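Quick heads-up: it's one chain on its own, the form predicted on its own, in structure tokens.
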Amino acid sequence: MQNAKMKLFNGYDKMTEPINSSEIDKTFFEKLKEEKGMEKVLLCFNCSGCSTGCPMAEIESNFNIKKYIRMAGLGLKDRLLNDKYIWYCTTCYKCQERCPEEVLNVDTLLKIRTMAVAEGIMYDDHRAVAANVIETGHGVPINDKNKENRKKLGLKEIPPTVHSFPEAYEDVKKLLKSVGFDELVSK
């Protein structure tokens, strides 16, 4: 870190970008590791166990969980929180289960996403889903098209969510308000 610029090693030349030392936020990793187990990010030795067989990496070459783990350990907060690909993880946990060092890859990425949202970094599509949760208690709209699709799949028109239990929606609203979800979405 003494050089003004460093190279981030992640195994893919096309994804290797120079890092300016001014980009390193020394408090970022400290905040990240407040959550139990996150300190293991520093144990990653780039074995590629997490990337090999990742269903999202097979579809989207710009998604690389090991890159994000390395960036987290380096404190590249702004790059991480503003990287659209952090939202591509399907949370299948395959990478986490394969890690020989038991790095909490998915849990770390989820924490990074949470930190991004707390700073108001949220894509319009995510805001729309969040707004639907606030408005109806459910992320997927239960409109005529979705009811028809559910019927075609042999499912009930209305899923066993707050749509089936309207009295539960009041509890969902209280919960969302108590954690400040509505405020996060409005940032």
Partner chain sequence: MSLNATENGSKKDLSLFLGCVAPNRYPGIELATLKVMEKLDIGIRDLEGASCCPAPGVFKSFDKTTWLSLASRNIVLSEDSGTDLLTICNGCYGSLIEADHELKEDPEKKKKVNEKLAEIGMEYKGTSNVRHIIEYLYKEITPEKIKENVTVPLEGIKVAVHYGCHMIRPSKGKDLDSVENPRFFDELVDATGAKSVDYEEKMLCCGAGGGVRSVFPETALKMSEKKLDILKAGGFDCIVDACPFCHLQYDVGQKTLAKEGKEYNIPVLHYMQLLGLAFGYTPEELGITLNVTKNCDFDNKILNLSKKTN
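The term rigid core refers to the maximal set of C-alpha atoms that superpose within 1.5 Å between the two forms. Numbering follows the first chain given and starts at 1. Remember, it's a predicted structure, so these values are computed and weren't measured experimentally.
Here the subject shifts to the form predicted in complex with its partner chain, a form of this protein not shown in this document.
Segments offered: 42 to 50, 65 to 73, 25 to 33, 156 to 164. Contacting its partner chain in the model of the complex at heavy atom distances within 4.5 Å is 156 to 164.
Among residues of the shown chain, Leu80 is not one whose heavy atoms approach its partner chain to within 4.5 Å in the model of the complex. Its partner chain in the model of the complex is not approached by Ile19, whose heavy atoms all lie more than 4.5 angstroms from it. Taking the partner from the other structure, its partner chain in the model of the complex has a heavy atom within 4.5 Å of a heavy atom of Asp107. When its partner chain is considered in the model of the complex, Gly139 lines it closely, a heavy atom lying within 4.5 Å. In the model of the complex, Asp107, Leu110, Arg113, Thr114, Val117, Met122, Tyr123, Asp125, His126, Val129, Ala130, Val133, Gly137, His138 are the residues of 106 to 138 with at least one heavy atom within 4.5 Å of its partner chain, listed from first to last. Once both forms are fitted on their core, the CA shift for Met56 between this form and the one not shown remains under 2 Å.
When two forms of a protein are overlaid on their rigid core, residues whose CA moves 2 Å or more are considered shifted, and Lys156 is one of them between this form and the one not shown.
A movement of the C-alpha atom of Asp25 falling short of 2 angstroms is seen between this form and the one not shown when the two forms are aligned on their rigid core.
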